[in-house]
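Below sits a lone chain in structure tokens, taken as the form predicted alone.
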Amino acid sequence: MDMSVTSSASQPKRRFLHEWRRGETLAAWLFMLPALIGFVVFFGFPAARGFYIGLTEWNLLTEPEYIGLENYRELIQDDEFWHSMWVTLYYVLLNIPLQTVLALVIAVVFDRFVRGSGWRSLLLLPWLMPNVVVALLFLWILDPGLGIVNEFFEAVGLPSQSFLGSVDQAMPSIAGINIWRHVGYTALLLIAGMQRIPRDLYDAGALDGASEVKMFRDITLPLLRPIMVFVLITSIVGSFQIFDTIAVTTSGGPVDATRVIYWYIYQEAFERFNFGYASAASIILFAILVVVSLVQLRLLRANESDLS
């Protein structure tokens, strides 16, 4: 058989496939175009504008004065900035491990023993409530004089606690409030990941005599890694951005015990009118979050999957 005839016959097919793929790619870009436009208008342009403002001295009332990297030099030497970063890190360390462990426990219990979708929908109720509403609710619940928590403590003979008014208890209380709000949503994400794991693996493990703990360690956790990467990255980034709960409950107090980085940036911008300085702090926070996310992606091998 003539090879030239075969080659010439396959060329139209290749040309058709190439044109079809080009058309498919164009259609994909057209579908993504509204989202890309929204991203550029509402995120890309403001981010570029914020980077420029960080290179200026601006109080919102006068024209920005370009000062180069001076704001960044001052931030490096600013004890208040570093204090707010350490307070934020302390909050993240309080919030993320406990929230993740509780969400895992809830997810395993619901995945193994609860079959009704109605019960799972209840996990979303706290997350559906706005942060401000949740903060106001716990501001009353944890009130030193009228809160029901201290009423219960007094009823069982325990001393009342200051909670949000105590330097030592304020940040753990803030962490507890946000864990209560987000743990159900995190658990639902993990449940969705667990449902993708083939049940044959658990059946095989049970036949081999593996305990529930061993199957969780050797089957569930490794195969849950892609969802865990998503959960950890979004949770950590969200924890660094905590603001609403602080604004409603403690306003950064007492004695700056809850003065997180977002509250510090807010004060610099809208109380001291140092918009250039606040923008520079925002850019540094953005860079830190990018680095933290990339490190997590690398350590957790987010581009790999144990499910074949």
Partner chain sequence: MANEALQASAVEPDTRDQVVGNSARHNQTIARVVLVLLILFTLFPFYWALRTALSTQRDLLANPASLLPVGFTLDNFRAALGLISTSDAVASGGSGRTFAFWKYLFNTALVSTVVAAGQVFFSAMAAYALARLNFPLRNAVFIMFLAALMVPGVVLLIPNFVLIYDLGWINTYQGIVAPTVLMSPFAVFFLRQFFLGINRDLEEAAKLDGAGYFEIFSRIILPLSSGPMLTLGIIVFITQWNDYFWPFLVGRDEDVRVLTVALSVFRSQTPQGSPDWPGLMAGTLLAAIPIIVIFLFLGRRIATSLQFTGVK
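Whichever C-alpha set is largest while still superposing within 1.5 Å between the two forms counts as the rigid core. Positions refer to the first chain, counted from 1. All values reported here derive from a predicted model rather than from experimental measurement.
We do not show the form predicted in complex with its partner chain, though everything after this point is about it.
Chemist: For the chain shown here without its partner, which stretch in 133-141, 69-77, 82-90, 166-174 has non-hydrogen atoms within 4.5 angstroms of its partner chain in the predicted bound form?
Modeler: Going through the listed ranges, the match is 133-141.
Chemist: Is it the case that 47, 203 and 265 all touch its partner chain in the predicted bound form, with a non-hydrogen atom of each within 4.5 angstroms?
Modeler: Yes, the whole candidate spot contacts its partner chain.
Chemist: Any of the heavy atoms of residue 225 lying within 4.5 Å of its partner chain in the predicted bound form?
Modeler: No.
Chemist: Even though the partner isn't displayed, in the predicted bound form is residue 212 close enough to its partner chain, meaning a heavy atom within 4.5 Å?
Modeler: Answer yes; at least one heavy atom of residue 212 falls within 4.5 Å of its partner chain in the predicted bound form.
Chemist: At the 4.5 Å heavy atom threshold, is residue 106 in contact with its partner chain in the predicted bound form?
Modeler: Flag for residue 106 set to yes.
Chemist: In the predicted bound form, does residue 232 have a heavy atom within 4.5 Å of its partner chain?
Modeler: Judged by the heavy-atom cut-off of 4.5 Å, residue 232 is well away from its partner chain in the predicted bound form.
Chemist: Mind listing which residues of 28-62 have a heavy atom within 4.5 Å of its partner chain in the predicted bound form?
Modeler: The stretch touches the partner through 28, 29, 30, 31, 32, 34, 35, 36, 37, 38, 39, 41, 42, 43, 45, 46, 47, 49, 50, 53, 58, 60, 61.
Chemist: Checking residue 30 here: with the core superposed, does its CA move 2 Å or more between the shown form and the other one?
Modeler: It does shift by 2 Å or more.
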